[in-house]
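In structure tokens, one chain follows: the form predicted alone.
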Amino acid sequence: MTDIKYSDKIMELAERYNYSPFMIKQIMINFPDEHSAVINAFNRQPREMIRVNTLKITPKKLQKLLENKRFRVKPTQFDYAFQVDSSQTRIGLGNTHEYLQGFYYMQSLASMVPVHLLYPEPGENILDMCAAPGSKTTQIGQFLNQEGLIIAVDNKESRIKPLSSNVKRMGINNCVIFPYDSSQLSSKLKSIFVPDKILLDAPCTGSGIIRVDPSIKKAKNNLNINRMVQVQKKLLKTAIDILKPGGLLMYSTCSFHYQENEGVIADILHKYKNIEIIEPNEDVGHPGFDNIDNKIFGIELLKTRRTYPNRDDLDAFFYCLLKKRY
């Protein structure tokens, strides 16, 4: 495609679907063979999903309670998660007694994947570096089953209250929460807390959650991406420093921009020879990019995973499980 035809195509799609030309171009770069399908998929309403809080109730019992309220409940690939259709009831999923009692958390399936692949186990020490509002923190707590310790950190003090509220509602008793810049945690935690596993669900541009926040369609330029990349690299370096040898680190974003994903991981692998990518042992998502946009990241990046709005009917997330070898 010539540059003129390419530019015309970008402008035509931007006008038709109410995107900025910048975002259309980014979609075309990151989804070169399926950009039209991705744009159409981003226009669909996201499915309603909930994560069952198995600390308080079994999936089977919760399903029955919700069905008695005329919710339609369908299983998903995770035995603790349901797809819910609330079209036959006037009650919102966030207004039920079951929700207020902490029997479930409203959370997209793509958002559940990072903790699912990190797989915290009872008795482990877990650090959640960007924890608010608590979806993944409470999921970690569910996996730990009140054994072990979670340190949950967020750099915005205004977000600590909803984080604390969700941890309390879900009945997590082994979580310590405090406001702090996680990129500065080395001096704060290193001598007193050595995590077995770390979740870094990193701050990002949010380009993958257009279905949830359509305003993202209008992103204008590369500046925001570049700023996020610097934050992400700084957080990753701190995580690697804190993590115990042999420990696991999950890096995830809700962005489809390769700069925030494979680009960040490739840079970290180049600088830290004691870090390796671990391929997930579950069939989740699709391999990340080993090369894209005239950039070569290497075959190791095929061990990372992405979810696609068109292939999976999920938000566009990125996941990378890292191991600190020594």
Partner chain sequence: MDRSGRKDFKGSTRPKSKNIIKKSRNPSKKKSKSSQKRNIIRETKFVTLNSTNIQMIKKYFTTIAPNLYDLFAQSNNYVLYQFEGRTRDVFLVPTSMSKIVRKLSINLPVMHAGIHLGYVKPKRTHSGYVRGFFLSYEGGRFIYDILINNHPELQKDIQTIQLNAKGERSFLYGKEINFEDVTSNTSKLVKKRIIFVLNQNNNYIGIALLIVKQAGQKRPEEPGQKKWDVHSRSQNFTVSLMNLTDAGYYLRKGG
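Numbering follows the first chain given and starts at 1. This structure is a prediction, so every number in the text was calculated from the model and none was measured.
One more form of this protein exists, namely the form predicted together with its partner chain; it is left out here, but the text below deals with it.
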Residue (of S87, N221, S215, N173) lying close to its partner chain in the predicted bound form, criterion heavy atoms within 4.5 Å: N173
- request: Could you spot which one of Q83, Q77, S165, N226 gets a heavy atom to within 4.5 Å of its partner chain in the predicted bound form?
  value: S165
- line: Answer among 244 to 252, 230 to 238, 115 to 123, 181 to 189 for heavy atoms within 4.5 Å of its partner chain in the predicted bound form: the stretch 181 to 189
task: Would you confirm whether the three residues R47, L109 and T205 all fall within 4.5 Å of its partner chain in the predicted bound form, going by non-hydrogen atoms?
output: no
query: Just to confirm, H35 within 4.5 Å of its partner chain in the predicted bound form by heavy atoms?
result: no
- request: May I ask you to check whether Y99 falls inside a 4.5 Å heavy atom distance of its partner chain in the predicted bound form?
  value: yes
- request: Spell out, yes or no, whether the shortest heavy atom distance between L65 and its partner chain in the predicted bound form is within 4.5 Å.
  value: yes
Partner proximity in the predicted bound form: V73 to its partner chain, non-hydrogen atom cutoff 4.5 Å: no
message: Only counting heavy atoms and a 4.5 Å limit, does any residue of 137 to 157 reach its partner chain in the predicted bound form, and if so which ones?
response: L149, I151, E157
